[in-house]
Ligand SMILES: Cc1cc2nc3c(=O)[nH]c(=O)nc-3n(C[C@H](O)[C@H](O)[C@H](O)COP(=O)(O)OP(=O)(O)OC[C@H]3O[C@@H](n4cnc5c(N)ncnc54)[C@H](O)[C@@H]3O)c2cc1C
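Before any questions on binding or motion, here is one chain by itself as structure tokens, the form predicted on its own.
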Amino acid sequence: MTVFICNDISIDNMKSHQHFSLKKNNSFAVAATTPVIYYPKNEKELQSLSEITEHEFYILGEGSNTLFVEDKAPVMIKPEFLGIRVEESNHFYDVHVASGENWHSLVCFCIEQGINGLENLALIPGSVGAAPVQNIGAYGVEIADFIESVTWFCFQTNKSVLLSKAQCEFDYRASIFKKSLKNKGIITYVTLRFPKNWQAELSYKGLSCLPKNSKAIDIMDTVIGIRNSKLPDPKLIPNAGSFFKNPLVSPDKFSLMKAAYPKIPYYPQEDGSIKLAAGWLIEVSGLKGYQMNGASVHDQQALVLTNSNAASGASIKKLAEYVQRIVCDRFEISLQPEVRMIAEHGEITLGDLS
């Protein structure tokens, strides 16, 4: 792999480092080293990376959804675009946010400004730029509900384009940025639109007990309390939150599941499919608390895999594959990871390198 800088000397004075340890840049706290990491903070600095992006690279946010599965990682691009701007009209607030901003800090900022809507998405780790890629969601709300546009820098043309919500092709934990535009550019800004006639979303378990006239800040505080009670703190027990997506099944498949497990939690979808709780499937499969080579299924929340005892990224991946296999054997449902797994030569899927 060609490297285009010297130690701590960047292209066009861009901040960067060679032979950089990523252990503090992923919430699993696994050891991995990148040959070079770049920190572009504006479009001009991104333009200077045109040759870099012709080789293997990975766009790193806050590392809260990333598992490095080998000791070596590809070249890293870690955007440091910063800034928040609010525009107000008669019926809406438009919030323009740079991709390097912290997601939870944005949620708090909006609520403090009286801009409601993101309260259900509080305490989700990661950067603003990563949020549309994954179409993050929780408690009945997705970021796609508020996306007005995304500014995307195209590596091929070395220019920025504005993508509308429709052009982003949002789906459950997915978007065009994980599909046809994957590794072809980088999100630099996100514009969110919030209607002033806000209505609380309280349909999900944990929030349904709140009064219908609850304030956004009270909902946010409740969400934070629930997440803190259910999910281990990555600073104490390294993890990336929910490791697997909640699977979608057909009505026929769900009927069979419901007959066998009358108390199974489920969430009907607009398209007729049924969303099941991946954590429940893992727990019923008897894997809660299961340990393997320093990696564990969390003993309180089975959807979370943890680095409980200095596990390698490869060991956590092997545990994920084991969980996937056991759940499939029992329920004939294939769990798909939310977490992105990165090897020396780029992103892989479960089963690769095994």
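Worth saying up front: this structure is predicted, and the values here are computed from it rather than measured. In this text, residue numbers run from 1 along the sequence as written.
Absent from the display: the form predicted together with the named molecule. The rest refers to it.
- Scanning H104, H96, K253, R227 against the named molecule in the predicted complex with a 4.5 Å heavy atom cut-off leaves one residue, R227.
- For the options L231, C108, L163, A200, the residue carrying a heavy atom within 4.5 angstroms of the named molecule in the predicted complex is L231.
- Three-residue candidate spot P125, G129 and G137; every residue lies within 4.5 angstroms of the named molecule in the predicted complex by at least one non-hydrogen atom.
- Segments offered: 200 to 208, 186 to 194, 272 to 280, 110 to 118. Contacting the named molecule in the predicted complex at heavy atom distances within 4.5 Å is 186 to 194.
- Using a 4.5 Å cutoff between non-hydrogen atoms, V133 counts as a contact of the named molecule in the predicted complex.
- In the predicted complex, the named molecule sits within 4.5 Å of a heavy atom of E338.
- Residue contact check for V323: none of its heavy atoms lie within 4.5 Å of the named molecule in the predicted complex.
- At least one heavy atom of S64 is located within 4.5 Å of the named molecule in the predicted complex.
- Shown without its partner, the chain has no residue in segment 264 to 296 with a non-hydrogen atom within 4.5 angstroms of the named molecule in the predicted complex.
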